[in-house]
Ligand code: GDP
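Only one chain is given next, in structure tokens, and it is the form predicted alone.
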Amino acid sequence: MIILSGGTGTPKLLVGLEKVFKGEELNIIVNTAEDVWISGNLLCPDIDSVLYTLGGVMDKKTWWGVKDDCFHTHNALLRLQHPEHLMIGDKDRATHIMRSELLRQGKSLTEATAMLARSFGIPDRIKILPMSDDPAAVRTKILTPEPEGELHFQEFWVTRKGEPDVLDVSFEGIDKVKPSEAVVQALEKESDALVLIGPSNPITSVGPILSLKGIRELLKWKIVMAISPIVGTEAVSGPAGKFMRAKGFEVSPSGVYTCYKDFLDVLVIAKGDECPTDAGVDVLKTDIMIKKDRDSKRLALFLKRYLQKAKSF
């Protein structure tokens, strides 16, 4: 299975997928357009969310950083008048330091991520693949009204808490990078392999992956299933609604379908929702909310039962 991941929605689902699809190879392609260098080290929020979730150390109260972390270094930097606008925990920072040192030694981001995965005890059958090996070369920019104007995603979501109105979303530098070799190999490896787009923000979490040259074309040859991050007319969490409206998409399962319609085969939506689609696209209804690990496992089991039934025909 190939999984496109970003934000918090897909990492939450990975908890169940890892248990339900035990023994199967999972290739997790992760968004890197929100990566940023801070205090000399590379912060990769979406990669770290996957590492921490599968490594069993994710802070599930915030879905950011490491559980039971402390912030001595961050507070000391502030006392030294070093402007560190993101609050980075000490255990979390250790990941960034190791990654950055590996990059300085000449390792690719894919290689550095694999080494970190081993350090967190993640089994070899699970491959965490950065969408690109160009660290922080793609930058998600959020256009807001003046006087703030254009903000890096981290400024918009963390520093400004997602409060400003959104006029547009863009991926600066996306035309200058290419998908990593490991990503292309994973997508070309098996023609009948399922590609699962998790319940992540279609615009800023999944959008950068799809915007890389050649990715949408490769997906047209795969079986692609997406889980809606929208229930009714509201995002399950995060700023997906603001971003979808800014890009001209309806905030609904139908809007999610429109984002993916050129390659989509199956869309999973909430029980009470409706979503008209073109012929050839199956719409499945179930409880898609993930609040606890048991919810993640329940949804993963639903997906597995559907796939087993589909293969029997």
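All figures in this text were calculated on a predicted structure; none of them were measured in a lab. In case it trips you up, residue 1 is the first one in the sequence shown, and so on.
Heads up, the form predicted in complex with the ligand isn't pictured, but that's what we're talking about next.
**Student:** Of 129, 226, 142, 240, which residue is found within 4.5 angstroms of the ligand in the model of the complex when only non-hydrogen atoms are counted?
**Tutor:** Partner contact (heavy atom, 4.5 Å) among the options: 240.
**Student:** Looking at heavy atoms inside 4.5 Å, which stretch does the ligand contact in the model of the complex, given the options 93 to 101, 215 to 223, 199 to 207, 118 to 126?
**Tutor:** Checking each option against the 4.5 Å cut-off leaves 199 to 207.
**Student:** Is there a heavy atom of residue 46 no more than 4.5 Å from a heavy atom of the ligand in the model of the complex?
**Tutor:** Heavy-atom contact with the ligand at 4.5 Å: present for residue 46.
**Student:** Would you classify residue 20 as touching the ligand in the model of the complex, given a 4.5 Å non-hydrogen atom cut-off?
**Tutor:** Answer no; every heavy atom of residue 20 is more than 4.5 Å from the ligand in the model of the complex.
**Student:** Can residue 236 be called a contact residue for the ligand in the model of the complex at 4.5 Å between heavy atoms?
**Tutor:** Yes, residue 236 lies within 4.5 Å of the ligand in the model of the complex.
**Student:** Though only this chain appears here, would residue 266 touch the ligand in the model of the complex if you measure heavy atom gaps against 4.5 Å?
**Tutor:** Heavy-atom contact with the ligand at 4.5 Å: absent for residue 266.
**Student:** Suppose contact means any heavy atom within 4.5 Å; which members of 20 to 43 contact the ligand in the model of the complex?
**Tutor:** The one in contact is 34.
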